[in-house]
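Take a look at this single chain, the form predicted alone, given in structure tokens.
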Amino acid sequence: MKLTTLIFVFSATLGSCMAQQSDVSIKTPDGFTTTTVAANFGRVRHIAMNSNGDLYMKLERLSKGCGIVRLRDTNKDGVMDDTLSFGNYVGTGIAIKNGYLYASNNSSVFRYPLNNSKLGIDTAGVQRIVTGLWDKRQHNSKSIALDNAGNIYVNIGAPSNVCQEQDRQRKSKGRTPCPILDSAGGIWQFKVDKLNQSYADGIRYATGIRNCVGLDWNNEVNELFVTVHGRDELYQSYPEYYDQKSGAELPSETMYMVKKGDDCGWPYVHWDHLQNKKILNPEFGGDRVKTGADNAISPLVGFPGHLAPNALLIYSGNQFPAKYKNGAFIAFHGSWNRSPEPQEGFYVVFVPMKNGKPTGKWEVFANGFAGMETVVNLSAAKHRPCGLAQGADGSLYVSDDSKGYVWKISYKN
């Protein structure tokens, strides 16, 4: 694709929009407060915070020809009053590391030098570091994470539900081996400072991952953590094994720690948190009892099905109480396919962890984004959490890809 630099700079004229109060009441544990720092920016996907307080938002749709927005609080009054828009591409992934902003579209990854100029970033110095990744529409967002050794990790989602001969067709058999896994359905590792890398330059770091929209590097244990969207249509395709209730609850959404060479088992198995087992998918001969993929690793946590974990953040700040240190925050985007059961998700949860392992049960940390207790019709939900970022002061930021809000969650003892 041709990359052009589009820059739009707005000043305090947009301040009233950014200072707008939330149209929902966000519920958090005692001691936490929530403020709205951005509103009405459209479908804001992942977000990143620079150490100087600049907030960068990746958009799913272009706004005035741009797909990245930088917000800044110029007078430090808590209200974002300066906006910079740039980048002529849309997507999900965005991250900041060692003086660079990294951002992706659905087939490439770019980086921009950050600086101390008035803009805070050199948009003309953009470099394409990865190109030519699969973009077949289904599960095509390229989420990213960076380690401390000069590597970037890119999710390449499988353009398939469960690697059938005919995708999403009832009773269509699964393909063994699944040819998709050669170029998708996993995490690829690339270098951060090498231009125009393709598949041939990267490493298939982990496989058997249907679609991983949330990923983050855990500095406590120096490993990659991911959250995975489980497969669809167990009840719809196999009512002899799954009723409506179990089809809504299964398969689990999952969180893994993945190391180089790991296999998470897709498409052959799914995780069942009710049985705490890897269950063979019916397309490959499963009957809700048979297990499989003995070589596949097990997740750290299994959540109820179809909640859509769209962001993962390992908390490293010091503002929150000690229980949150090195734990995982996960933004659940909310389901669309649990009918006739109510839709579920639309909240941020927390998993307490130490040394990279859960130390207790997961809990809902921030709720109320949907604006209603029970979501029956997805279109009625006011907001859908999508991105997470940690501020330099240890605050947690949550984005929404329905109406383009961003909330700041802070703690005061």
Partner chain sequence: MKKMIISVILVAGIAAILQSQSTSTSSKARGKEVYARYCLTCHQADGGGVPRMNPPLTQTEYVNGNKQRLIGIVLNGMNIPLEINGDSYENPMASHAFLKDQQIADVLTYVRSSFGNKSTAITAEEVKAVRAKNK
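Positions refer to the first chain, counted from 1. All figures in this text were calculated on a predicted structure; none of them were measured in a lab.
Another form, the form predicted in complex with the partner chain, is not on view; read the next lines as being about it.
In terms of contact with the partner chain in the predicted complex, the residue from S107, Q189, Q319, N337 that brings a heavy atom within 4.5 Å is N337. This chain is displayed alone, yet in the predicted complex one of T33, N377, S51, T359 has a heavy atom within 4.5 Å of the partner chain; that residue is N377.
N140 belongs to the set of residues with a heavy atom inside 4.5 Å of the partner chain in the predicted complex. Contact annotation for R168: at least one heavy atom lies within 4.5 Å of the partner chain in the predicted complex. When contacts are judged by a 4.5 Å heavy atom cut-off, T254 does not count as touching the partner chain in the predicted complex. In the predicted complex, none of the heavy atoms of E344 sits within 4.5 Å of a heavy atom of the partner chain. Taken together, the three residues G78, N219 and E223 lack any non-hydrogen atom within 4.5 angstroms of the partner chain in the predicted complex. Checking 195 to 203, 273 to 281, 131 to 139, 116 to 124 against the partner chain in the predicted complex, the stretch whose residues place heavy atoms within 4.5 Å of it is 131 to 139. Although the partner chain is not shown here, in the predicted complex the stretch 45 to 63 places heavy atoms of R45, E60, R61 within 4.5 Å of it, in sequence order.
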